[in-house]
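Next up is one chain by itself, shown in structure tokens, the form predicted on its own.
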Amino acid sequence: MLKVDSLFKSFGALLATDNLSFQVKKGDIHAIIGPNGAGKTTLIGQLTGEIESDSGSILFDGNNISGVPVHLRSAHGLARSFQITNIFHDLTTWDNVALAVQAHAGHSFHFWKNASKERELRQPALEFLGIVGLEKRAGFIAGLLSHGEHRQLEIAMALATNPKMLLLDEPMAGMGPKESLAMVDILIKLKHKLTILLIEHDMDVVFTLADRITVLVNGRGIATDTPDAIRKNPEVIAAYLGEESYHA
């Protein structure tokens, strides 16, 4: 689904992405991990087109999207959760997802009417809310939802754009244990149905969800492998995971 080949990006003297190459298999959850400053956020920006790479190529679903603008990458089916899904806090949860369905459909319907009243938008929106466990919150004002529910709503809105691949940048950030477990359950349901590139600092979550893991250090990919192999990789242990993970 995704092939990154010899990607470079520097900001002055700082080399943020250093000859990075890896592949993401269709249907996998592929995690990107590494210490702060490893280049994870820069990489996401390069993949979405927000940051222009100095050199290298990005192939997505067989298409070379290097140099393609952000909106066209989205049209190809590449979705970034917090980039695409701006929540309208004064609207209901249902309306937020219905508007995302409407935007993807490429037509306005009756622009000044409540989007959730349109049958073509109403049913798909409820289905996406059901996937993320928010169907019982459909009529709630989005601004009154908890932080964890906001992240669930963002996932529902991203799914409404019918992506081939979802980029998730620290979806567990700021969540309590119960909310994190709910998000893990959502991602488990999506596993192998949708390709997901996951950036996450919670290693328990990463090792629970990921099919494969790429480890970044100073913009360089030092390993890409299965979770078990990454957990035991001496270079990864020394650079990031620490000795305790070797014995886990």
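Quick note: we count residues from 1 along the sequence shown, nothing fancier. Remember, predicted model here, so these are calculated numbers, not experimental data.
Below, we turn to the form predicted together with a small molecule, even though it does not appear here.
Taking the partner from the other structure, the small molecule in the predicted complex has a heavy atom within 4.5 Å of a heavy atom of residue 16. At a distance threshold of 4.5 angstroms between non-hydrogen atoms, residue 57 is out of contact with the small molecule in the predicted complex. Among heavy atoms of residue 42, some come within 4.5 Å of the small molecule in the predicted complex. With a 4.5 Å cutoff on heavy atoms, residue 186 does not count as touching the small molecule in the predicted complex; it lies far away. For the marked spot (11, 35 and 38), a heavy atom within 4.5 Å of the small molecule in the predicted complex is present in each of the three residues.
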